[in-house]
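This document opens with one chain alone, in structure tokens, the form predicted alone.
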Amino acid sequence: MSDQPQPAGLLPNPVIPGFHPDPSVCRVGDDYYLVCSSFEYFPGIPVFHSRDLFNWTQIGNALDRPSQLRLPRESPSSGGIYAPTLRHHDGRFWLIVTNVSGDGNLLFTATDPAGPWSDPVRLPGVHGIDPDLAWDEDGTCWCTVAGVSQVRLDPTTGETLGEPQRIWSGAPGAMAPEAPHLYRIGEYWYLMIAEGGTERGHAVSIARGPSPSGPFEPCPANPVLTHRGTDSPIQNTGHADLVQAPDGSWWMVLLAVRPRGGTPAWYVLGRETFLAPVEWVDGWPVVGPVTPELPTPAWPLHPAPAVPARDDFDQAELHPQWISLRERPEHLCTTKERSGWLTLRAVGSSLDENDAVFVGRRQEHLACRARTLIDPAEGCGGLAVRMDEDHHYEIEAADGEVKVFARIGSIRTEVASRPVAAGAVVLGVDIVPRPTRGPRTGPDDVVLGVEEPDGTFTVLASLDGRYLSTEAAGGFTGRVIGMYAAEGTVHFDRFDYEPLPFP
């Protein structure tokens, strides 16, 4: 859903808003499938489906079992799962990815991208992040990684065949050649990479050659996409993948961000998935503009079913949008203990700790609100806006009292408190964008409070949102809004999330 009304004939971009970086896409018939990085969150690797490239529905998470995804308690935020590549070959879906928190490069397969996905095939001979898979005409599988190097691979066993070879690595001196994707298009093999780092210098470049291993000739117009040095509201464009539509047109999915506020401008939603048209001129891709609106395509649209704004926790399993920190054992998080409630049992005493019990969803809109009804009679817990262990705001309820906490870097402080009637209480967060009035204006305010029985919202604190941004926190993720347990057992009857009008 867009942050603001779109002009007639235009569709919103990003096509998958919120913290959904490093998109990889493939098409099978009339269906498109897309995956993204998930870092320290469990379950890992959200899987999306579309019939038109513009409207996407999350159909699952590829890594939803501990046997597939090991994220040790000590693994840091922005560790974990990096840059998956999704491909369809020989009747199967193939997913290759790096777990930087211990397991290295892994390969998964499925006949249905909604799952279940296999347990991992380990790839001890594949070194480096951002692995890619491509098959040539004789069935040889080529694995290319950031750097950029390449090795032949037996994808069924994980065995590498031969030694890795260095191939084209982008512009001389450009930092961080990564996110390689290899394609056979027409008479050439194309190697597309990201370079320039994933910050404001991010870019997409491409080369072509006669075989999967080159030699590669760089495009004379490289980088074929970058927004560095521009005043575009969309920045950090890079880490792209190509896909061809049934009508023969070509498209690019990529990550980018929407910074707001003064200098240096802060982005709070993380890196999001955008879409751009591609044309081929003299055998090279020419990428159309990456803008906040996209023209309606020539083919029919298939609007995705709306994700319910409210979850009453009536189902035995949580919706795939819900994510937790590193693991989610059922004895700590369940909807089966109290009918219609989500039950969380505390391990860590606050969100400062790596083993905090937390269930959240990505913030997808620049202006939004969230509400949850918590019963803290057996403990304490609350509603939080999280970037990582060192950057989060929360409103926490114990029986008869509500408090607001802020964690900014090494400082944790109680910001406000007030008594409430014993029993269940509705906690709320409003994300309110700030108008830019000067170089030091932050992107938004995070407003935390209590919803009274008559529906009015009593504000306890309004906190500067710049400290829950990537520019302040660092790392590769975006905000996640959700519920947590800090002590004992807490129960949540519902969770409401809705966008607000964008100024």
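Keep in mind that this is a model prediction, so the values were computed, not measured. Start at 1 with the first residue shown and count on from there.
Form predicted together with ligand 6LW: not shown, discussed below.
S.K.: Looking at 176-184, 320-328, 355-363, 276-284, which stretch has residues with any non-hydrogen atom within 4.5 Å of ligand 6LW in the predicted bound form?
M.R.: Careful reading of the contacts points to 176-184.
S.K.: Please tell me whether the candidate spot formed by R345, S349 and A485 is one where all three residues come within 4.5 Å of ligand 6LW in the predicted bound form (heavy atoms).
M.R.: Not a single residue of the candidate spot has a heavy atom within 4.5 Å of ligand 6LW in the predicted bound form.
S.K.: Is it the case that L255, even though its partner is missing from this view, gets within 4.5 Å of ligand 6LW in the predicted bound form, heavy atoms only?
M.R.: Output for L255 is yes: heavy atoms within 4.5 Å of ligand 6LW.
S.K.: Taking the shortest heavy atom distance, is F39 within 4.5 Å of ligand 6LW in the predicted bound form?
M.R.: Yes, F39 is a contact residue.
S.K.: I'd like to know if A83 sits close to ligand 6LW in the predicted bound form, meaning any non-hydrogen atom pair within 4.5 angstroms.
M.R.: Contact check for A83: yes, within 4.5 Å of ligand 6LW in the predicted bound form.
S.K.: Considering non-hydrogen atoms and a 4.5 Å limit, does ligand 6LW approach F476 in the predicted bound form?
M.R.: Within the cut-off, so yes.
S.K.: Note which of H239, R260, R208, H391 lies within 4.5 Å of ligand 6LW in the predicted bound form, where distance is taken over heavy atoms; exactly one does.
M.R.: Answer to the contact question: H239.
S.K.: Can you work out which of I129, V243, A134, A304 has a heavy atom no more than 4.5 Å from ligand 6LW in the predicted bound form?
M.R.: Selected residue: I129.
S.K.: For a quick check, can you give me the residues of 264-298 that have a heavy atom within 4.5 Å of ligand 6LW in the predicted bound form?
M.R.: The stretch 264-298, when checked against ligand 6LW in the predicted bound form, contributes only R271 at the 4.5 Å heavy-atom cut-off.
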